[in-house]
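The data below hold one chain only, encoded as structure tokens and taken in the form predicted on its own.
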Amino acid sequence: MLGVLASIIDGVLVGLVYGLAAMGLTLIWGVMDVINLTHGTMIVAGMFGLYGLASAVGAPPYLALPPVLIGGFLAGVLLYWVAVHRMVGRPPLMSLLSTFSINLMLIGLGTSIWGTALFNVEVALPGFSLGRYTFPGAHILAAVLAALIAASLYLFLQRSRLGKAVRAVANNREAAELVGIPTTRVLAITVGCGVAIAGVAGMLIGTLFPFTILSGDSYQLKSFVVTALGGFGNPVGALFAGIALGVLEGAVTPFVPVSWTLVIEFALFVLVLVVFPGGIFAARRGAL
């Protein structure tokens, strides 16, 4: 029984990071109705940003956070102008194909550079013990950082002038343009923020688990599951849904093989879309 409780607690810690990753995906969806299929690759980019700074350069792992955040934002702005700008307002399939094409290019480029070898970043932090179970310090710190970044995003959207402009564009782009909001610039910044959050989440995941250049698919699936649970376009719901997904993983891990985890998550994704199309943690879409 204590083992199951320990697994659930660890699931909550990891779930906070999952929720942060999904916030980047749902932010872009909530503002411009664009599903970013480069999301998983941007998570992996954060992992390799961590690896490059921590292993190759020798910097402490968590000092990679500011460069990954800034680099992710710039990459997101570039992604907007290359693949998203002309797709806003068009059928969703257009943006899916556009971002999917960029995703394949990035995966091909990454594979040619790093191959499909397994990478790992060692993080030595004191953990917390509960009976004979120990929660790694890396898991605790990753959860704390994820919660702080999620809270910062919430305050940015709710309190800052730019954040209010993002919400205005999400609610009614035409009305926002009429009152003088530069909507194109706001959309570019939104994609930049979404990709930056995905990259930082990837960096935090890289401190927890080994990864390859192809790891993005599984984390992108988790982000879709979390987004469906939390409600499309609802960043706050995504955070709580991430915790719920982490709890689910922690609860089932002691009883089923790890290989079944993704199967269960995908089944949950389909079930939620059928039974709760608006999301369990949000009564309505567009909660920005």
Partner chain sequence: MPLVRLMRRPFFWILALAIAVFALAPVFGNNVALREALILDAVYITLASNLNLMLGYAGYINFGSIVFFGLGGYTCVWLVNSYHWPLGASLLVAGVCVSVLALIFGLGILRLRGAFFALATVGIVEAVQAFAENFTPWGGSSGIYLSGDIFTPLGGPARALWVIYFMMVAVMGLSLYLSYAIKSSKFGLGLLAIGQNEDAAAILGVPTPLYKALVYSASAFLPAIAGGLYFFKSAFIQPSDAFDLTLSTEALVVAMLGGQGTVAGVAIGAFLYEELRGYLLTSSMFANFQLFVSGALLLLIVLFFPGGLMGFIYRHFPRTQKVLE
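Computed from a predicted model, the values in this text were never measured in an experiment. Positions refer to the first chain, counted from 1. Think of the rigid core as the biggest set of C-alphas that the two forms share within 1.5 Å after superposition.
In what follows, reference is made to the form predicted in complex with its partner chain, a form of this protein that is not presented.
You can rule out all but one of 39-47, 54-62, 255-263, 239-247: in the predicted bound form, only 255-263 has residues with a heavy atom within 4.5 Å of its partner chain. With the partner omitted from this view, the residue of 102, 121, 186, 77 that lies near its partner chain in the predicted bound form is 102 [heavy atom within 4.5 Å]. When its partner chain is considered in the predicted bound form, only one residue from 144, 88, 125, 109 comes within 4.5 Å through any heavy atom, namely 109.
Though the partner is left out of this view, residue 219 does not reach within 4.5 Å of its partner chain in the predicted bound form, counting heavy atoms only.
By the criterion of a heavy atom within 4.5 Å, residue 98 is counted among the residues contacting its partner chain in the predicted bound form. Although the partner is absent here, residue 140 lies well away from its partner chain in the predicted bound form, with no heavy atom inside 4.5 Å. Taking the partner from elsewhere, residue 94 is found to have a heavy atom lying within 4.5 Å of its partner chain in the predicted bound form. Looking at 224-242, the residues that come within 4.5 Å of its partner chain in the predicted bound form, counting any heavy atom, are 224, 232. Residue 60: CA moves less than 2 Å between this form and the one not shown after rigid-core fitting.
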